[in-house]
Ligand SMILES: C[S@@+](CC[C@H](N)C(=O)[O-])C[C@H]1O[C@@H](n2cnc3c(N)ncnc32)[C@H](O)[C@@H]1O
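Here's a solo chain for you in structure tokens, the form predicted alone.
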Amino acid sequence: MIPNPSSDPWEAAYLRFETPEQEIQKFISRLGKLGAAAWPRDAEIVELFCGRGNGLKALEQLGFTRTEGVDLSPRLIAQYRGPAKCFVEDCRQLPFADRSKDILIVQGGLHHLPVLPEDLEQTFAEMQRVLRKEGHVAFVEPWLTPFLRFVHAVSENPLARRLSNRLDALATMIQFERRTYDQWLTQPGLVLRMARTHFVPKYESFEWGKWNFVGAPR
């Protein structure tokens, strides 16, 4: 299915923000920071909120051979072309057996959950259920660092948006996801408390507007 940007302003902005190739390279860099070089290449990995599958393509380029994706949007999953098996399912109710996966990855999906804390609790509980005891989760989500505050301030400047297509695309995406985006960014204590309730942190950083987290199931 080919997306029709004219009917979806968020999708149109997303496609202006970066090319698929740029996004794949971004995901490869992120995965390296999260420790992917040390992960077994035959680990059973699921990317949640996988969207159009560029994160799965990044995993494939890194040599991982047992990958799966989950997303609620059949339209987005239909855009993926690759060997991973994808499921149109709700990440709050995962279609996998208990203790059946090695690694669960989320790259920018948790902040789209409509209701906090309930939806985050359900998602984390499902991830904890599905992970093997020696497995781990890896998250990359927006975080209100000084850098992100600066980006927000600049993106509110009409002249800056006219001068930068990328900045204008980002501001447009934020505009159309404003409710869940603000809900996420304004409750950092809640998010961290819930993450630590379900997962033991192994690596964590807050920089360049992102929360990077790797944890093991409790």
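Note that residue numbering begins at 1 and tracks the sequence as displayed. Treat the numbers as computed from the prediction; the structure is a model and nothing was measured.
One more form of this protein should be noted, the form predicted in complex with this ligand, which is absent from this view; the next part is about it.
Q: Of 126-134, 112-120, 143-151, 95-103, which is the one stretch near this ligand in the predicted bound form, taking non-hydrogen atoms within 4.5 angstroms as near?
A: It is 112-120 that comes within 4.5 Å of the partner.
Q: F139, I174 and W211 - do all three of these have some heavy atom no more than 4.5 Å from this ligand in the predicted bound form?
A: Checking in the predicted bound form: none of F139, I174 and W211 is within 4.5 Å of this ligand.
Q: Can you work out whether V46 and this ligand are in contact in the predicted bound form, taking contact to mean some heavy atom pair no more than 4.5 Å apart?
A: No, no contact at 4.5 Å.
Q: Please run the contact check for L59 against this ligand in the predicted bound form: heavy atoms, 4.5 angstroms, yes or no?
A: No, no contact at 4.5 Å.
Q: Is Y14 close enough to this ligand in the predicted bound form to count, meaning some heavy atom within 4.5 Å?
A: Y14 belongs to the contact set for this ligand.
Q: Indicate whether this ligand has at least one heavy atom within 4.5 Å of a heavy atom of F27 in the predicted bound form.
A: Flag for F27 set to yes.
Q: Enumerate the residues of 72-89 that have a non-hydrogen atom within 4.5 Å of this ligand in the predicted bound form, in sequence order, or give none.
A: Result: L72, S73, L76, E89.
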